[in-house]
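Take a look at this single chain, the form predicted on its own, given in structure tokens.
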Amino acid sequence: MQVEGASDVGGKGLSVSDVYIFDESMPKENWTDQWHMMTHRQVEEAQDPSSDKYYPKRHGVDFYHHYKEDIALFAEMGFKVYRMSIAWTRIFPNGDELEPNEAGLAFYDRVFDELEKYGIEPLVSLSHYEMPLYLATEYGGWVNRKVIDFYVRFATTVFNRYKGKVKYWIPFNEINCVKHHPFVSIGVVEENHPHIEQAKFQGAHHQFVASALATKACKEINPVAKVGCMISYQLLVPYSCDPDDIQKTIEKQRESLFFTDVLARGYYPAYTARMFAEKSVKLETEPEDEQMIKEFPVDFISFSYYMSSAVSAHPENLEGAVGNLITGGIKNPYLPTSDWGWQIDPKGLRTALNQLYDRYQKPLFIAENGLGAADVVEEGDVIIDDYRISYLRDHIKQIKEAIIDGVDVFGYTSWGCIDMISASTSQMSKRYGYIYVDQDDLGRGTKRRIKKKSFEWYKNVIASNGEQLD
């Protein structure tokens, strides 16, 4: 939904991400707020074919028509793996159809064949903030147990179709982010919701069951396949040695790791009883849910890492880290920040890797790590993004330290290999890639691809397996 575009091609339906607008006149502080708080009016407007608003995630950077060119560039860099997602709405446009859309299946056949031509292994997310909008508006999203069956039909369809082409699967992207943006995560509008915490955790439970069922189906169809989970992991540290800060950090951390605790261990941890009680959450479950979750845990854990955040039990008189996208938190005076206010903490990645491996003893895959910045194209198509190189170099060094610590890190895909629409702000000018796309925040431009300085740098990183970082 950030790269593919072509939302009106090949029978594709609208997804929950297709309702987010970009409006230059909107105050900048509201760009991320929109990501967290979708309104009923916005959802209704987005379904109006006469709307004149710009919906960036319907257009992406037109990977749909540029995939051969883009994959050739990835191959030139030496990619061994390409992390991507399959748009649920290309396969089942509304989500509840009985038969899949052949045009959508055929598109991904072409993509996987192109990757195979260059020897690039696909790592595929099934649901990356793009569930069918129809399932949100007509069924109430993942709070409705019927969505499990729709999802499993989708998952089984693509497992069968691509069983000889895809080995690594992630059922849900950043599954723990339902805490922060329930609309794109489970299809629930938070505005005026009578019990949003109940909805979030009920939707999450149904996704846990769906993940287990998808894992079961995947193993039956392709026994050598591997199925993982993915969370957004924003390392949390106590702001001070105040015991209250330490306890608050533990509580906040559990709210994120609850998701991997269930998916990796196969059961709800003991602390959830108190967590649910304090949130007045009472899950509705079926007798078979517990056994299914237990029997089909994930094979590996993947996560995104961009920043850390300091936590205080008494934040009233402390400066907030307003740019930190997910948890906010307290500004850490020891850390620099990005152009968008995200606190940069490379050593926190080593800590995160150790924490996750100590907790689960499962292989880890860093699925996202990168720097959003405002790149400038100089004369001769030169883009000097030394700041990105520095950011990635410092983080990769810490991955190497974690491996020496004994952590089993089996993969790393930086975010992102090519410029795309920002998930949080719907901007194009917040750029992450090694490849520049000539397109502005309103979709204007030639869409020409231009290599940045980091392109050649990362090519050497891959060739040396992380040994050559200068």
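All residue numbers are counted from 1 along the displayed sequence. Please read all numbers here as calculations on a predicted model, not as lab measurements.
Omitted here: the form predicted in complex with a small molecule. The next part is about that form.
The stretch from 425-433, 60-68, 403-411, 38-46 that comes within 4.5 Å of the small molecule in the model of the complex, counting heavy atoms only, is 425-433.
With the partner removed from view, the residue among Trp142, Phe183, Trp88, Tyr306 that has a non-hydrogen atom within 4.5 Å of the small molecule in the model of the complex turns out to be Tyr306.
Among the residues Asp245, Glu368, Glu130, Asp385, the one placing a heavy atom within 4.5 Å of the small molecule in the model of the complex is Glu368. In the model of the complex, at least one heavy atom of Glu174 sits within 4.5 Å of the small molecule. Using a 4.5 angstroms limit between non-hydrogen atoms, Phe300 is distant from the small molecule in the model of the complex. By the criterion of a heavy atom within 4.5 Å, Gln2 is counted among the residues contacting the small molecule in the model of the complex. Contact annotation for Tyr55: none of its heavy atoms lies within 4.5 Å of the small molecule in the model of the complex.
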